[in-house]
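In the form predicted on its own, a lone chain appears below as structure tokens.
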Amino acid sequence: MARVLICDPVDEDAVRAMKDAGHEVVEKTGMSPEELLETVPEFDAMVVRSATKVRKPVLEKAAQGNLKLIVRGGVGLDNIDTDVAAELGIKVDNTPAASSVAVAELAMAHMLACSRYLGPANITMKKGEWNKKAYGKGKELMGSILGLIGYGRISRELARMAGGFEMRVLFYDPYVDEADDAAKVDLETLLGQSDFISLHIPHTKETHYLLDAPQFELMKDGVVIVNCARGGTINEAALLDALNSGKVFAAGLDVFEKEPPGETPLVKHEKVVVTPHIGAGTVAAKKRVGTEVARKVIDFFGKE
């Protein structure tokens, strides 16, 4: 039997499955960093989503106890110091496939919202305004070019959805050689040819500010930018400048350099549609994530 610490909320069915498999499951969500340090040595496994940060001090403290496994419910591992975990012999796993459809659908929703002024039109209509002429100059996805930066599971789902709009799909990913439904190009080509650009990459040293002022200069006038991946991959100050100059027609953002971002000029910008990091936030995705989390915990300790 393993003691499993749930640090961020997971589906109730997942908790039940782990308990039914004979494991002791303790749910302690919303812990402070200090509380996490005190608690983690008592457990064999911990489950986190994006909120809990598992940095070196936590891992070193956990290694003094019995921690053997960390399961991240979701795609990215940027909230976990994976190199330190490996050095300490702690396995880190995630559930990359479970939320792919949900994130891809949100990216598509942002593309549509940006194209047709849905953000500002919704707000002004609720204020009693009727700005038909102002918001009657939208873009169409049909027949346009979609550039995907990063070509993993989420990008592939988005490329499939884009096929329904007869979009031509380009992708840039140094780790992927080819794809059936998209053409591989270098980053400069993607930036210069795309009408819509959607990011699907982790935030690392290599991807920090991958889109900055020089990259915006390479883009078509009137491009739409969507980021439902990770904050820090776009220089938000450079994006704001590009929006103000008209280089960028609109931007759809689910992630930010700082979360929550507060009332920044970018968030308040009329041409920006914003959501609070809800890419995996569907009932179906949460159930799939929970099922996968439970399976990974049960399989891991079943092999000991």
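Numbers follow the displayed sequence, beginning with 1. The shown structure was predicted, so the numbers you read here are calculated from the model rather than taken from an experiment.
Form predicted in complex with a small molecule: not shown, discussed below.
Trainee: Please pick out the stretch from 158-166, 127-135, 214-222, 172-180 that is in contact with the small molecule in the predicted complex, where contact means heavy atoms within 4.5 Å.
Mentor: Within 4.5 Å of the partner lies stretch 172-180.
Trainee: Each of Pro202, Glu206 and Ile278 near the small molecule in the predicted complex, meaning some heavy atom within 4.5 Å?
Mentor: The answer is yes: all three residues contact the partner (heavy atom, 4.5 Å cut-off).
Trainee: If you check Leu190, Val71, Cys228, Ile80 against the small molecule in the predicted complex, which one has a heavy atom within 4.5 Å?
Mentor: Checked against the cut-off, the match is Cys228.
Trainee: Counting non-hydrogen atoms within 4.5 angstroms of the small molecule in the predicted complex, say which of Met108, Ile197, Val75, Cys114 makes the cut.
Mentor: Exactly one listed residue reaches within 4.5 Å, namely Val75.
Trainee: Even though the partner isn't displayed, in the predicted complex is Asp254 close enough to the small molecule, meaning a heavy atom within 4.5 Å?
Mentor: Taking the distances in the predicted complex, the answer for Asp254 is yes, it comes within 4.5 Å of the small molecule.
Trainee: Can you tell me if Ile234 lies within 4.5 angstroms of the small molecule in the predicted complex, counting non-hydrogen atoms only?
Mentor: It does not: once the small molecule is placed as it appears in the predicted complex, Ile234 has no heavy atom within 4.5 Å of it.
Trainee: Please run the contact check for Leu146 against the small molecule in the predicted complex: heavy atoms, 4.5 angstroms, yes or no?
Mentor: Flag for Leu146 set to no.
Trainee: Is Ala85 close enough to touch the small molecule in the predicted complex, meaning at least one heavy atom pair within 4.5 Å?
Mentor: Although the small molecule is absent here, Ala85 would stay clear of it in the predicted complex, with no heavy atoms inside 4.5 Å.
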